[in-house]
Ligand code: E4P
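Have a look below at one chain only, the form predicted on its own, in structure tokens format.
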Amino acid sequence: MAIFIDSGDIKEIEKFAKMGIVRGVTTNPSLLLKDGVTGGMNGIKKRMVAIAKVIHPYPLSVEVTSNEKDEMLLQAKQFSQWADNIAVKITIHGPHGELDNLEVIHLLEKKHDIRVNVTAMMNAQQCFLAALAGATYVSLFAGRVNDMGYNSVEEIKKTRKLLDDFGLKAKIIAASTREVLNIVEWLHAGAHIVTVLPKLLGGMIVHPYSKLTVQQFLADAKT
């Protein structure tokens, strides 16, 4: 699946979707706030429905806005009705280490047949447990792992080996990308998917020597 664009900006998503290089979209409340989504849940729904349509049939991850068990279940059921390519993002645990989340993930996947992207994970052990619970996607925040002084490549490799050894269906999403270098590096390490900000996608495409070469070709053609 390779690249998911990490954005709530419909224009940016449309631009890269038309290039044929995007295989999904991830969002979170922080991104939606930055990208101008207002109007509460109705505003979120409107933007998500629009994005889901642009990228269909590729998946769109939408994050719940609560960490209360019943509310997470309710929101997940609501989100899944907005479009048939929506996955629901649930954090691995609550803000104070509450442990209800894995039960919610298991119920959504196994009882309600709703795809779940488990997020905010920092190591292989968290990803392994989320996969055991039934998650479709396990999001390892590889950029933050690097920020903490650890090598995210090793966590990705360990996670991939665990999933393969135990025959678990979950796909690894390497998230919180900091630089263009991360993208191919993390895919090579075993991530199935890397989430990429629009500016980093542009950085993957444009190379200064490619620009000089194109300029030379055009100048010579004109001559």
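Owing to the predicted nature of the structure, the values given are computational and were not obtained by experimental measurement. All residue numbers refer to positions in the sequence shown, first residue = 1.
This next part talks about the form predicted in complex with erythose-4-phosphate, which is not shown.
Comment: erythose-4-phosphate is not present in this chain, but in the model of the complex one of I51, A191, A170, A175 has a heavy atom within 4.5 Å of it, namely A175. The closest non-hydrogen atom of K110 lies beyond 4.5 Å of erythose-4-phosphate in the model of the complex. Residue contact with erythose-4-phosphate in the model of the complex: N28 places a heavy atom within 4.5 Å of it. None of the heavy atoms of Y137 is located within 4.5 Å of erythose-4-phosphate in the model of the complex. Put simply, K89 is close to erythose-4-phosphate in the model of the complex: some heavy atom of it is within 4.5 Å.
Just one listed stretch, out of 38-46, 51-59, 151-159, 175-183, contacts erythose-4-phosphate in the model of the complex at the 4.5 Å heavy atom level, and that stretch is 175-183.
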